[in-house]
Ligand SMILES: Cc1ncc(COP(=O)(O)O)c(C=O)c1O
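Coming up is one lone chain in structure tokens, specifically the form predicted alone.
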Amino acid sequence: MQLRDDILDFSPYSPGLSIDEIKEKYNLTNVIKMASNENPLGISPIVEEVLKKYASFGFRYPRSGNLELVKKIFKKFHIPEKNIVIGNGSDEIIDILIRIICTSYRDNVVVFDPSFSIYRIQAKFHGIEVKFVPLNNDFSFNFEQMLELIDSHTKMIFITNPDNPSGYTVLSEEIINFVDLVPSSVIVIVDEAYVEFCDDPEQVTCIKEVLKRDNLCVLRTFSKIYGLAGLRVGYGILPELLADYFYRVRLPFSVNILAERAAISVLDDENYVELTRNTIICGRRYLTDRLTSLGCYVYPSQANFIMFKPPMDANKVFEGLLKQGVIIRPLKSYGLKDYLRVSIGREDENRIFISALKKVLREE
């Protein structure tokens, strides 16, 4: 079989371990997963009922363009419908934007390092050079160096805010100041997958700024605060022309009918969203305090996860936790072998994690 030469050295995306994997490997009955930044409350009860209601419609194609969901987002955020796009997760939106903006084997994109791996994976897949800007030692953004890397072939910049895997966050004003220094020919993509978990999301989001600029896009997901990770649906706020061309090339039915109905219904479930926010914010404080007291260096986070450096070998901590049925995320795939990331869970899950971590550290 003949494959493209530049595909031969590809490595797949590295997801978190599954609960079933760990149960089988360590012969465990109970396992908690705090590795993939999922909503710890599970699916919204309202969504569960909607999925039952519309399950019998699974034989139907969804309406092209997911217009009902677009209208719902318009009503919630007061963003014109012509600027809203829907994707099979924000991953699909990232992939399509790269393909319609960049020319293969000529253009480049600029990202921080480390950052969400899908940016570089999809760029590389489409023959686009990726330029990396190292984060500062405290994992803050080095916007000055990013500006220096822009050249005549730079077409896109990706910024995750709050960032993954560190949780570092800047106010929207800082990003907009940066965008205004970027050449108008370069599109800045701000990925706000975790913005709803911020103490004050309105101070962080750039969503309204898209309407004032032709080179700014904001991505959002239903996977995190809305608890729909398994259904795969996300949305983007794009300049009007870019949104138009997005729909010209997007596969017509990439967002399935159940995902669309779930997304529409969860936007109305304010109790679920507020309970999720409270769970994450309280859990973030609790875990930050307990991890610090155990000698871990904890990095400030405004997301639904915390990155920390344990006082012993990170891989030993990770393996020790697995043996007790607690899955967190090692960050070797991000080039951070001395660091770990834990998703914030329910109150009982957070306490189980801390108890298991104490045991690992004592045994060392």
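The structure presented is a predicted model; accordingly, all values stated were derived computationally and were not measured. Residue indices: 1-based, along the sequence shown.
What comes next is about the form predicted in complex with the ligand, which is not displayed.
For a residue to qualify, one of its non-hydrogen atoms must sit within 4.5 Å of the ligand in the model of the complex; none of T288, Y299 and K337 qualifies. Contact with the ligand, judged by heavy atoms within 4.5 Å in the model of the complex, is confined among 244-252, 176-184, 87-95, 135-143 to 87-95. Taking non-hydrogen atoms only, A193 approaches the ligand to within 4.5 angstroms in the model of the complex. The closest heavy atom approach of F116 to the ligand in the model of the complex falls within 4.5 Å. At a distance threshold of 4.5 angstroms between non-hydrogen atoms, R284 is out of contact with the ligand in the model of the complex. Among heavy atoms of R232, some come within 4.5 Å of the ligand in the model of the complex. In summary, among the residues T160, T205, T276, N83, the only one with a non-hydrogen atom within 4.5 Å of the ligand in the model of the complex is T160.
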